[in-house]
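The chain below stands alone and is given in structure tokens; this is the form predicted alone.
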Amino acid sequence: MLASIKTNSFTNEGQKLGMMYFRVAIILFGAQLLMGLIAAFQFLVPGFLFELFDFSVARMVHINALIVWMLYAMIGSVYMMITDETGVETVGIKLGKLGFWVLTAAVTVVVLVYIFVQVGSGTEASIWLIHEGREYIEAPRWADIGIVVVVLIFYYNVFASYMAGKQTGIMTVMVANLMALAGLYLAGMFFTDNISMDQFWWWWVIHLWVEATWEVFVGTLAAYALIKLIGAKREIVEMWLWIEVLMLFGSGILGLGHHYFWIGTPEYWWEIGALFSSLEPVPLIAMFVHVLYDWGKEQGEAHGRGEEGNVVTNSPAMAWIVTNAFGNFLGAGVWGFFHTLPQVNIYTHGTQFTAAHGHLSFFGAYATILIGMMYYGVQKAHGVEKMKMNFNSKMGIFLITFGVLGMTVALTIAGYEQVLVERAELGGTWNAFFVAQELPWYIQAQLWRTIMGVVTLVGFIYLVWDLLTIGKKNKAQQI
């Protein structure tokens, strides 16, 4: 989609590869939204595409596309920053490009199998060739192995470049975090006959992979972006980055506990998990507040001296990155905290509260900053010194944010209805589950979720159009 962008002398080989990852990421982002809308409509009309494209398949592709487009954008973001941080060209770039094509071919095949084959016989062959049947990590075994190989190539690019060049605090955290990112994925590549033990390791991927390693990943991107976009002081962002590493790897591991009770572990994991999972967004928010306060103070002092000060060099990217700080706090922090408190979770577990938290936290914590990095990539690709927002930029960020917030509120209302009727009143039976889904509150909430999904899709169209055109427009204005 972003193929019209021509790289120039301002863009090094690593950043060109980063743009390749961004192009695939934006396509998968669109696929995720489309599949989400199909699944949302099937909540309202259960017979829609019945036995052609069932809800379980639409949901599976929706969630897997979400994970994969974010991984693509994360990898692309790292390639965008390697040379800037290390001072050397990306080591092994040809191997990195080979990894990109291998991963893209594998993802294409997996998605086509999900859509057209859908299910298998449940034999060993199904696990290897179709999907493993494990929620959120359905990728077939051959694709799992391929992903590990590609990630090892990616890690070689990063680690070798890091060792060959400058070893900044940001890159030190990135290198250590990527090792954890690759290692934790391995926990989802095997299963045991004991369901509790299998779920234990499954959660290490589903929760810890995302809420520890991904959060640190976001922290490194935020630190780098704030230095590049507003001239933030490196010592400040790196200080908060190290604090984030300490808190996230501690709180992320212990925060897993709010899942453990439901797979047969002791009750004390409830309290431990609820407390520590709520601490995860704190360091990232503190970094933003500290940096923006210092930046505003310096701007005021510069204006007092009649100087311009450190201006924002990329307004669309900065808008998305600021949205990340508050979206992370709301989605991962607020919605996560009130949903995982043990006295509440006994009623909310497995309801639409989970979906509300998931939608806002993935958007607020990850999508926002990754979109910001895409805008930074466009700026680098066109060699624009200062990129300004336009109508498409504003409509993209407004409609996507408004749409996701709307979906979150609608799903929260649906979850509230489930808690009152399905859990508290009718006792959480199968009959209660179906009764709750037929009542007006639930149906109206799902209708609004669908409407807000359409709003989000319209915002996505504005976003794509802006990414395709904003660099060229700003370049023309600069000339």
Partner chain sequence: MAKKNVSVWTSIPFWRRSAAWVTGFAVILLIWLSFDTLGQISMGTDEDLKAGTTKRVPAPTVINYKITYEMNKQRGSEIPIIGGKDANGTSSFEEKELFFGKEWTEEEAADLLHLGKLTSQAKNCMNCHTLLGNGAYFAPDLTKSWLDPAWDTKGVMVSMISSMLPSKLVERIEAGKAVSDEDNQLIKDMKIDIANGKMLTKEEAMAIFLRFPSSYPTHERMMPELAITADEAKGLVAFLKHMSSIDTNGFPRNFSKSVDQFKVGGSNAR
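Only the largest set of C-alpha atoms that superpose within 1.5 Å between the two forms is called the rigid core. Numbering follows the first chain given and starts at 1. Not measured: the values here are computed from a predicted model.
Omitted here: the form predicted in complex with the partner chain. The next part is about that form.
- Here the marked residues Phe43, Ile127 and Thr265 all reach the partner chain in the model of the complex, each with a heavy atom within 4.5 angstroms.
- For the candidate set Ser315, Thr354, Asn390, Gln299, a heavy atom within 4.5 Å of the partner chain in the model of the complex is found for exactly one residue, namely Thr354.
- Interface residue among Phe326, Phe402, Phe191, Tyr185, judged by heavy atoms within 4.5 Å of the partner chain in the model of the complex: Phe191.
- Using a 4.5 angstroms threshold between heavy atoms, Lys228 stays clear of the partner chain in the model of the complex.
- When the partner chain is considered in the model of the complex, Gly87 lies well away from it, no heavy atom lying within 4.5 Å.
- At the 4.5 Å threshold, heavy atoms of Val119 reach the partner chain in the model of the complex.
- Although the partner is absent here, Trp202 lies within 4.5 Å of the partner chain in the model of the complex, judged by heavy atoms.
- Heavy atoms within 4.5 Å of the partner chain in the model of the complex are found in one stretch of 27-35, 46-54, 65-73, 450-458, which is 46-54.
- In the model of the complex, no residue of 397-411 lies within 4.5 Å of the partner chain by any heavy atom.
- When the rigid core is held fixed, the Cα atom of Tyr156 travels less than 2 angstroms between the shown form and the other one.
- Relative to the superposed rigid core, Gln167 undergoes a CA displacement smaller than 2 Å between the shown form and the other one.
- Once you line up the core between the shown form and the other one, the Cα of Phe191 ends up 2 Å or more from where it was.
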